[in-house]
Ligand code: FCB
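Given as structure tokens, the chain that follows is alone and in the form predicted alone.
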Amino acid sequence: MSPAEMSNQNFLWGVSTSAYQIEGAHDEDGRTPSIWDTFSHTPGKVANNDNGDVACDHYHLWESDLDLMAGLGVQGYRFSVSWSRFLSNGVTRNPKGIDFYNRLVDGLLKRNIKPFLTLYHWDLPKEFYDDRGGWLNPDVPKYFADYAAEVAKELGDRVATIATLNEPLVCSDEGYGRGTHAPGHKSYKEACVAAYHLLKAHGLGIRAMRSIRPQVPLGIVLNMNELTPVSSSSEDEAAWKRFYAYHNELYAHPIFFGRYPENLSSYLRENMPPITVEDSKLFSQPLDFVGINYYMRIQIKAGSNPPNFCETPKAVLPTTDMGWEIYPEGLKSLLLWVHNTYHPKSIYITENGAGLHDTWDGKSQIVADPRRVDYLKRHVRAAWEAKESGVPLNGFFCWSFLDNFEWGYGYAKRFGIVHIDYPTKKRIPKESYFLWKNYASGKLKP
């Protein structure tokens, strides 16, 4: 079956971005700071002390970006809304910010591209952090539900789907446990509290949106990877089970089953706030889809450090420039696991791509990125095999449409299928752009 035939069966080719990584215009038209504005302006937190103040300047260049996307021929664009651009200080409707997203959605529809909206891609309004620590504050899930309702009212009549959270594990683990992301805390006890409040925000957000736009497909985006023990020893097997419960199941189990996974470490079991009967119902409301972000395989061995009492040895297979082990076979097995474990109605690959070095010579019309082309081909093939095995896979979104601000790595890492010359903001398509165009048009089979 070709991609063109697949499109007729509700399969979609798309690209993804997120607000803080591409928009820029950090203090324009009523936008107020997020925790990433604060974090990226704290010396030493981001490589080269980069920040997202300008990023790709998508806020000003969005129309030409959408034209470039239309030339790609994709059927869907997954983007996130900046909470503090839509609602100044996280609570007050901001007409100019809202107008930007209305124009963006209308511009996508004009170009026959379906808008796939994500409410939260890590850029929590600064005011909520200043007031009792952001996701440590039990009131923030209620504010999130209010925000979700406002977005649903404004844009829900025109978007294809709305996802509540992007990669909540990264928010709690890297933001509150490891401290490598905003707000930069280093306490796994706090990470447990943040995780519970993120689950509550998801549930309250779904409930709020369903009451306003019951026809809009709603879901969540989870980051999962292929995880394997380094040996068959009982110690490594047990460590792998603990890590699997944390990395792949900590959010999925409450969302689909209303409970925490059984194999969480003793440390996590002791520090995760209990899920009440009411919580269980709130967290596990029916979803229309789940998005899966997949990038790598991680090997696990026994270790002594909480929260999971395990270690992740150095990769043994080739890696991307991020140090992430390239293992496309893992995408197939992961999709089958998600399907067989949770039975979601619909699955999208909402992110998959490679952080790899590429350069522009200042003259060429195309940037060569053969390693990214190979990476994407292999992962598309693995995803297609999962679909052919019965997984309800309805779309594949490449990460990312544009090179962008890559969080703690600043602008040092490139994931885009479009190269950004940051001094001039010039966009130059890469070889991978044309690969994706061929998939989207049906000229190339998976």
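One-based numbering along the sequence shown. Keep in mind that this is a model prediction, so the values were computed, not measured.
What comes next is about the form predicted in complex with the named molecule, which is not displayed.
Original post:
Is Thr164 close to the named molecule in the predicted complex, meaning a heavy atom pair under 4.5 Å apart or at it?
Top reply: Judged by the heavy-atom cut-off of 4.5 Å, Thr164 is well away from the named molecule in the predicted complex.
**OP:** Tell me, yes or no, whether Asn293 is in contact with the named molecule in the predicted complex, where a contact means a heavy atom of each within 4.5 Å.
**Re:** Result yes; Asn293 sits at the interface with the named molecule in the predicted complex.
Original post:
Taking 4.5 angstroms as the cut-off for heavy atoms, does Glu385 touch the named molecule in the predicted complex?
Top reply: Looking in the predicted complex, residue contacts with the named molecule do not include Glu385, since no heavy atom lies within 4.5 Å.
**OP:** Report yes if any heavy atom of His185 sits within 4.5 Å of a heavy atom of the named molecule in the predicted complex; otherwise report no.
**Re:** No - in the predicted complex, heavy atoms of His185 and the named molecule never come within 4.5 Å of each other.
**OP:** Go through 43-51, 24-32, 400-408, 376-384 and give me the stretch that gets within 4.5 Å of the named molecule in the predicted complex, heavy atoms only.
**Re:** Selected stretch: 400-408.
**OP:** Scan Phe86, Phe283, Tyr246, Trp122 and let me know which has any heavy atom within 4.5 Å of the named molecule in the predicted complex.
**Re:** Residue within 4.5 Å of the partner: Trp122.
Original post:
So which of Tyr260, Trp360, Phe309, Trp324 reaches within 4.5 angstroms of the named molecule in the predicted complex, heavy atom to heavy atom?
Top reply: It is Trp324 that has a heavy atom within 4.5 Å of the partner.
Original post:
Even though the chain is shown alone, can you say which residues of 349-379 have a heavy atom within 4.5 Å of the named molecule in the predicted complex?
Top reply: If the 4.5 Å heavy-atom criterion is applied to the named molecule in the predicted complex, 349-379 yields only Glu351.
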